[in-house]
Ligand code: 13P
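One chain follows as structure tokens, the form predicted alone.
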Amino acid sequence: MPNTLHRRLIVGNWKMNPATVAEAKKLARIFRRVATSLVHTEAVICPPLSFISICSGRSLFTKKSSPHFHMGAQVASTQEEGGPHTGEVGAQMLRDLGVEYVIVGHSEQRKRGDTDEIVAARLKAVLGQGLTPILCIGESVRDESGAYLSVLKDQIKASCGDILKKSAKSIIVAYEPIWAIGAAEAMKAEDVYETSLFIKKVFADLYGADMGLKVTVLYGGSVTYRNAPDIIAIGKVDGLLVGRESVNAPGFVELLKAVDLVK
């Protein structure tokens, strides 16, 4: 886990990109190659489900390992076992493809109907297969009264409430304020820091002070190679969840290198 290894975690969420297998292979090769030179950073790519197999080291690359490059998935089924679940992809299937991380509760999935209960079920299914869930939380509006903090707290409690402490240790929290996704600028790094502290406090309330200190917190929302170093250095988060920049090869490469240089 990144919070044990004291390494930053940069997760690229490709969403429904790129358009072709050839483009996906090219991106994966570039990012894997760059990851071999990283010292303080772990890189994770989350391609569309249809591209995971061809982007994984098992089918695309030589036997030479790249220990700082990992495969992730954008979603996993709520079902913990196989069966009559047309269109679903289970966590066990993803694990067999070499996936290590799974995004859970992304705002785009929530917008399409994922309730807190569904997010909790996905989280449980991912943990059940020994994979690392990246639990996304975020408010729609950052109001001056601070009501958005209750939104974040409720999302965390609703998603993790039935998860035991021994399993909760594997949960990564990705804070993605919805209003900042696709915006011209990311959230101010100072505000990122304050919110990350609040997230750690919620985990401390749920699982004890030690968990509050150890939980890995990422930031996502209009992250680029230009603002990434400040978000890490000033925002004091453990890593980033990157959207559109993660399929821009030059930009994502620069982002990985820039974050790796942050003291």
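For clarity, every value in this text was computed on a predicted model and none was experimentally measured. Note that residue numbering follows the sequence shown and begins at 1.
There is another form of the same protein, the form predicted in complex with this ligand; it is not shown, and what comes next is about it.
Name the residue from S222, S196, S56, S66 that puts a heavy atom within 4.5 Å of this ligand in the model of the complex.
Result of the distance check: S222.
How about E139: is it within 4.5 Å of this ligand in the model of the complex, going by heavy atoms?
Flag for E139 set to no.
D114: heavy atom within 4.5 Å of this ligand in the model of the complex?
No, D114 sits far enough from this ligand in the model of the complex that none of its heavy atoms falls within 4.5 Å.
Residue-level question: is A180 within 4.5 Å of this ligand in the model of the complex, judged on heavy atoms?
A180: yes, in contact with this ligand in the model of the complex.
Taking this ligand as it sits in the model of the complex, is A24 near enough to touch it, meaning that at least one heavy atom pair lies within 4.5 angstroms?
No - in the model of the complex, heavy atoms of A24 and this ligand never come within 4.5 Å of each other.
If contact means any heavy atom within 4.5 Å, which of 102-110, 75-83, 143-151, 123-131 contacts this ligand in the model of the complex?
It is 102-110 that comes within 4.5 Å of the partner.
Looking at this ligand in the model of the complex, which residues in 220-244 have at least one heavy atom within 4.5 Å of it?
Read in sequence order, the residues that approach this ligand (within 4.5 Å, in the model of the complex) are G221, S222, V223, L241, V242, G243, R244.
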